[in-house]
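Given next, in structure tokens, is a single chain: the form predicted alone.
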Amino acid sequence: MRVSMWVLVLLFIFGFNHRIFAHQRPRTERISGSAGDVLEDDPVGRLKVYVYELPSKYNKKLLQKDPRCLTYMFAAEIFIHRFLLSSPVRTLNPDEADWFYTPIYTTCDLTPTGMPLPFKSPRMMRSAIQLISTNWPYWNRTDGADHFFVVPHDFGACFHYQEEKAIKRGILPLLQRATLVQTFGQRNHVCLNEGSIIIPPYAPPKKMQARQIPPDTPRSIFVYFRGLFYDVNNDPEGGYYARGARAAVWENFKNNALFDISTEHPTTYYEDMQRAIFCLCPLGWAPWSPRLVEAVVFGCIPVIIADDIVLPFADAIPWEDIGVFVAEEDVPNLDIILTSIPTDVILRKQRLLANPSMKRAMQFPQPAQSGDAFHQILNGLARKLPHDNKIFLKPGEKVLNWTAGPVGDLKPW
């Protein structure tokens, strides 16, 4: 138990500071420098995308079979497809395209509890690539180097939800030259290719919008978190799940009055985040989670506990300015770290979070809005142009090994 006299002193300080937070409505502050300019870029006119027309078994039929795929955290793959079909960057002439997009819903295979099963994904992806390479000439020109794929699995195109097995599998060999648009991002990791575009996970924009409370509502919660601390089914002792970071949060702060943390997920979850100053965003099995999106949208300063994480749209969103980074090994000192942040620093982070462009960049709204996550993805693709001539293969040249990978991945889908 870490409740002591000094905690009472901190509570007094927090109460004094809270009066500032409660009565000083955060103004909006524009993001300065190149990050702000990138965030507000307009990709229209800077690139053209050709969308392959695939048989519906790769996308629409999967969704018809299980509509839950529309609302879970991996749904970006569905909404990106829908967006591109009506986007002004779409071209119906593949000969003038800068990029080629293959719409495959690889995560839309759910268990009864709503978790995606990635085991068929490699065969499904391989089948789609065989189709486009047979029916169109564009894949074969570059072995996919001017193609992009959306792979929002826990560990991207490694297609497994357990990190050890994902590392062993590695990225699907046929995707080694393509640009991967994925939620997973961790430096020096085999499941992250150089040049990948890291995106936020999907969180329902309309649901979050409907739960907005008045912006001048006092932020009376210092630290907030709802979620698992232990995965009792797969890692009951907590040493492997979240690399022990979540377990450390619970063991050190479950009785700390500054921390509102629990495994319960109340109906007021969204409202509570809007009443909190800091929202914990620790890693789980993977380093990312929808909490990051929710924290930004609700103006709660994200406390990012995930060593080496690569964050969404890092060239456009100034994460160092809006968030707090805490090393996993420093979790036992989380209370000291957060109470030591000066009030003026906290207020500036809140002003930046209040900027509507920041919130839009983290969401996939329907219909799309200027500057939203869809447009940030297109900006990322546009910044990779023009393609280097070296990506184009000589006649008859092949780079990818079609027989590489686990034997099970080579079976027909």
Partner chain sequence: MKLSALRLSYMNRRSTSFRGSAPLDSSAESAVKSPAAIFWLLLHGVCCLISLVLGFRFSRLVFLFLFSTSASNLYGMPFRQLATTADLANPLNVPYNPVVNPEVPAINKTVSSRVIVGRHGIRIRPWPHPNPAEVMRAHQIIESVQKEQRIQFGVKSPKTVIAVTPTYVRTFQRLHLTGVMHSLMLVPYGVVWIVVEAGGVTDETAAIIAKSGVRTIHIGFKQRMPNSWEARHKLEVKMRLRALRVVREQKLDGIVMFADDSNMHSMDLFDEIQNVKWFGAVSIGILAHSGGADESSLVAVKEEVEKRSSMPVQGPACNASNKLAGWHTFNSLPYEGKSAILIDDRATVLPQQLEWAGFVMNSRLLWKETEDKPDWMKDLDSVDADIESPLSLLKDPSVTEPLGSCGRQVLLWWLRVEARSDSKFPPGWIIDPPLEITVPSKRTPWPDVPPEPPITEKPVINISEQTVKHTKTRSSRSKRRSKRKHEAKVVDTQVSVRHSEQN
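Numbering follows the first chain given and starts at 1. Here the structure is a predicted model, which means the values were calculated and not measured.
The same protein has a further form, the form predicted in complex with its partner chain, not shown here; the description that follows concerns it.
Taking non-hydrogen atoms only, L131 never approaches its partner chain to within 4.5 angstroms in the predicted complex.
Contact annotation: Y101 falls outside 4.5 Å of its partner chain in the predicted complex, judged by heavy atom distances. Although the partner is absent here, I346 lies within 4.5 Å of its partner chain in the predicted complex, judged by heavy atoms. Contact check for P215: a non-hydrogen atom falls within 4.5 Å of its partner chain in the predicted complex. Think of it this way: in the predicted complex, its partner chain has a heavy atom of just one of T267, T113, S86, N93 within 4.5 Å, and the residue is T113.
Of the candidates D146, D272, D260, E163, E163 is the one whose heavy atoms come within 4.5 Å of its partner chain in the predicted complex; the others do not.
Note that among 154 to 162, 171 to 179, 136 to 144, 75 to 83, the stretch whose heavy atoms approach its partner chain to within 4.5 Å in the predicted complex is 154 to 162. Contact annotation for 334 to 370: residues with any non-hydrogen atom within 4.5 angstroms of its partner chain in the predicted complex are D335, I336, L338, T339, S340, I341, T343, I346, L347, Q350, listed in sequence order.
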